Ligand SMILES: C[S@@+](CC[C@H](N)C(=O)[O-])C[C@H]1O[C@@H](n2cnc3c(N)ncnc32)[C@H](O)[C@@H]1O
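So this first bit is one chain, no partners, the form predicted alone, shown in C-alpha cells.
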Amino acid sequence: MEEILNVKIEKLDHFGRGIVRDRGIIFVENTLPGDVVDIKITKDKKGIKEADVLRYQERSKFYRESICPYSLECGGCNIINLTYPEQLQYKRKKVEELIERMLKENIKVKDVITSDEEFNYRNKITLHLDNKHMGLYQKKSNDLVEIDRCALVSERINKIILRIKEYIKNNDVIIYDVTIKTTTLEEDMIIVHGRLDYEKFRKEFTDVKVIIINDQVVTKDQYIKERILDEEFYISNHSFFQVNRYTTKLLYQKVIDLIKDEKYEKCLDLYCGTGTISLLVSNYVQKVYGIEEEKDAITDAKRNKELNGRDNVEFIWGKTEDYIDKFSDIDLIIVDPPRAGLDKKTKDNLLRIGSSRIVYVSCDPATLMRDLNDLKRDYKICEISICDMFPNTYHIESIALLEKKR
C-alpha cells in the first residue's frame, strides 16, 4: 500500500513548486506556502522526492481561485493560484536568494516593476494540434490540453483562436501548429504549418494583416507594427519581440533611465534582436552598434532603423562572440542575451573593453548571477531590479547596472 503523507508546504522553489522537508526534500506541484495537503510520492531519487496532491486539507492564506479552467493541466500558469502581491514577493525573494547564494553579496532588489495587467497581457501564443484538437501541452509531456481561450493572451488573440478552431472543424485540413501574434496597434499575424488550401484560409481571415502558411507569406503585408515609447517597430515571422504588451515599455524605460543622465559616445548593444533597445537608446548616445545572429531579426532591425529615421545606429548580422573582439573604445554596453546567458569569450571581451557602464537585461536570474559573478572582478554591481514580464508564472526579467571600478 502506497504511503500517504499529510504535510504543510513551507515555500515555493524557483520553478513555482511547493517544498516540504519530510525525510528529505519533497517537491509538490500545484501547492502554495501554508497549504496543508495529503500527498503521494511519485518519484524518489537520492532523497529528492516529487509528489502529487491527493487532497487539500487547508488552503494557504495567499490562495486565490484560478480564472483558467486549464491551469491544473497546462504547463503555462505555474503560480496562477497565488495572489498577485505574493507573486511579486516570491519573485523578489527568488532573486535575492540567488544574489546571496551565487554572488555572496548583500544586494537587495532595488525596484519591482509590476505588470499593468495580471491577465491578457501576452501578445503571442503557439498552439499545437492533434486530430483537429487545438491546445497547449500538458506539464512535462506532449499530451494536448484542448483550449478555447488562454487567460494570459490578449482578447484579440482569444477571438482568433475560436475562429481558427471553427475553420478547422468545418474544413478538410491537417494543421500541425498555429502561432498568433498581435500588437497594441491592433495588427494581427497568423502563422500556420500544415496541409490546407492557402487561398481559402486567407479569404477566411481577410481582416488579419499578415498570414504565413508553411513559411510562405500569402498576404500583401509581411510585417505587423508595434509602438513602444513613441517609437515604432516592425515584427516579422521569426524575429523575437517581448511578449508582455504592457510591461515591455516599462522595461525599456528602465534601461533608458539607467543611462540617460550620462553622455556616451559609443554604445554596443549585444543580442539586439529587432533593434528595440538600440533605437530607443540612440537618442542618448552618439553611435550605437547592434549585434544579432538571427538574420530575420537583423532585417527587421534595419527596417526599424529606417522607420524611425535613425542614422547613428549600425546593425551587424552575426554571433556576438564572433564580432565582439573587433570592438574597443566603447563606453556603454547593453546586453540582453538568451536564457543561457553570456559565453566565456563574450565575458572576457566585456572585461577587456572595460566600458564605463554595462546594463544587463536577463530573462534567467540564475545565469545572470553566474555572469555577474565573473564580471564583478572589474565592475561594481550598482543595482539589480526585476520586471514582471510574466505574471502567473515563475519567470522573471531582471535588469542589472554595473559600473567600472576605479
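Don't overthink the numbering: it's just position in the shown sequence, from 1. Computed from a predicted model, the values in this text were never measured in an experiment.
Separately, the form predicted in complex with the ligand exists; it is not shown, and the next lines address it.
Given that the partner is absent here, state which listed stretch (114-122, 313-321, 299-307, 77-85) has heavy atoms within 4.5 Å of the ligand in the model of the complex.
It is 313-321 that comes within 4.5 Å of the partner.
Distance check, G135 to the ligand in the model of the complex, heavy atom within 4.5 Å:
The answer is no: G135 has no heavy atom within 4.5 Å of the ligand.
May I ask you to check whether F240 falls inside a 4.5 Å heavy atom distance of the ligand in the model of the complex?
Yes, F240 sits close enough to the ligand in the model of the complex that at least one of its heavy atoms falls within 4.5 Å.
In the model of the complex, is there a heavy atom of the ligand that lies within 4.5 Å of any heavy atom of G354, even though the partner is absent here?
Close contact is absent here: in the model of the complex, G354 is far from the ligand, nothing within 4.5 Å, heavy atoms only.
4.5 Å heavy atom contact, E73 to the ligand in the model of the complex
No.
Which residue, E293, E204, E187, D331, is the contact with the ligand in the model of the complex, using a 4.5 Å heavy atom cutoff?
After the contact test, the surviving option is E293.
Among the candidate residues I224, C272, V95, L268, which is the single one with a non-hydrogen atom no more than 4.5 Å from the ligand in the model of the complex?
Checking each option against the ligand in the model of the complex, the one that comes within 4.5 Å is C272.
Along 48-75, which positions have a non-hydrogen atom within 4.5 Å of the ligand in the model of the complex?
Read in sequence order, no residue approaches the ligand (within 4.5 Å, in the model of the complex).
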